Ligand SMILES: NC(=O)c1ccc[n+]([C@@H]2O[C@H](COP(=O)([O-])OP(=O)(O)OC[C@H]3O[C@@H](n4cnc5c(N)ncnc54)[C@H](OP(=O)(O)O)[C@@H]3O)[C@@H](O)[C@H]2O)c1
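A single chain comes next, written as structure tokens; it is the form predicted alone.
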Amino acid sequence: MIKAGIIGGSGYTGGELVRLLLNHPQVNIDFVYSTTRAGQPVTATHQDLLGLTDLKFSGEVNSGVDVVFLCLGHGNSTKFLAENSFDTHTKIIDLSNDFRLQKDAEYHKKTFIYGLPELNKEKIKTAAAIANPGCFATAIQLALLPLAKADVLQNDIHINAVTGSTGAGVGLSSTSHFSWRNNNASWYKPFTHQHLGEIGESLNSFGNKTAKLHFLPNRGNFTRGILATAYTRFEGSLNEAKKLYKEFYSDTIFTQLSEEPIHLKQVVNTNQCHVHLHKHEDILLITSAIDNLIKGASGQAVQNMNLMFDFFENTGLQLKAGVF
């Protein structure tokens, strides 16, 4: 058994992480740290955990835990680590975007490895610190990585992806309020989304220069999930494209190539990514679907933890979607 600490446990990703770790056979949650809810029951905030835990939010940090998860807002992980130190054996998994880019990977004598298991599994196994990928970045990379490795992303890539309201976090804003979001849809940050940097670095990690990405993110009127579609020119046949994907994902546990068109309900509440390919004339359409809070955040963090501690990769993550 290992001891885990969670920093920032009152948000969506923190709550999802508590749920997953409570059901993980190799983990004991040592503390869930919160500056605003210290002393309060975790179930007062995460009411879905009622009857599953007696944990209370802590105002103190145990520096000797085996692994600590940082579920903080973007830009706050660096501040927290500057003010709090952990034992040298403590592994760090950060769910913000503070350490995802190569220029930010070195921090306080730690090297943060980009935590996309389908790309960096062997590096993750020996890492002391992990930069967990972004949710949009996960869906888009898993849609495009096989093509990047095969060096066939030579033409502009157009991406359209829609995410649920939980992707915006628990803080209220005009575009996350129920009255605005319900029965509504809109785009935001067109062609400038912050996840483009990490996506580009991963696609170019094979030594092949990829074409320009044109990414249009959308807000959906549902709570969980990301459905991403990407299309680009592809000279090969559909079967040739499928072969690239089957080979690339042959030893992965959570990314599946579907012969049938996919939809969100297949993956919501799971750590799965489903991918589908469609060819029209000289255009290859790639569709991917994930749960933004699990494979796009907390579930992938647990997957990385499993690799770091030599547990079976799917331990605590054998979740089934609620299709109906």
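Numbering starts at 1 and runs along the sequence shown. This is a predicted model, so every value here is computed, not measured.
Just so it is clear, the following notes concern the form predicted together with this ligand, a form of the same protein that is not shown.
Quiz item: Which one, Val275, Val67, Leu284, Leu293, lies within 4.5 Å of this ligand in the model of the complex by heavy atoms?
Solution: Filtering the options by heavy-atom distance leaves Leu293.
Quiz item: Which one of Thr232, Thr210, Ser96, Gln141 is close to this ligand in the model of the complex, taking close to mean a heavy atom within 4.5 Å?
Solution: In short, Ser96.
Quiz item: Quick check: do Leu72, Asn76 and Thr166 each get a heavy atom within 4.5 Å of this ligand in the model of the complex?
Solution: The answer is yes; Leu72, Asn76 and Thr166 each reach this ligand.
Practice problem: State yes or no: in the model of the complex, is some non-hydrogen atom of Gly9 no more than 4.5 angstroms from a non-hydrogen atom of this ligand? | Solution: Heavy-atom contact with this ligand at 4.5 Å: present for Gly9.
Exercise. With heavy atoms only and a cut-off of 4.5 Å, decide whether Thr35 touches this ligand in the model of the complex.
Key: Contact check for Thr35: yes, within 4.5 Å of this ligand in the model of the complex.
Exercise. Spell out, yes or no, whether the shortest heavy atom distance between Ile130 and this ligand in the model of the complex is within 4.5 Å.
Key: No, Ile130 sits far enough from this ligand in the model of the complex that none of its heavy atoms falls within 4.5 Å.
Quiz item: Do Ile199 and this ligand come within 4.5 Å of each other in the model of the complex, heavy atoms counted?
Solution: Ile199 lies outside the contact set for this ligand.
Quiz item: Going by heavy atoms within 4.5 Å, which of 276-284, 35-43, 59-67, 259-267 lines up against this ligand in the model of the complex?
Solution: Stretch 35-43 is the one.
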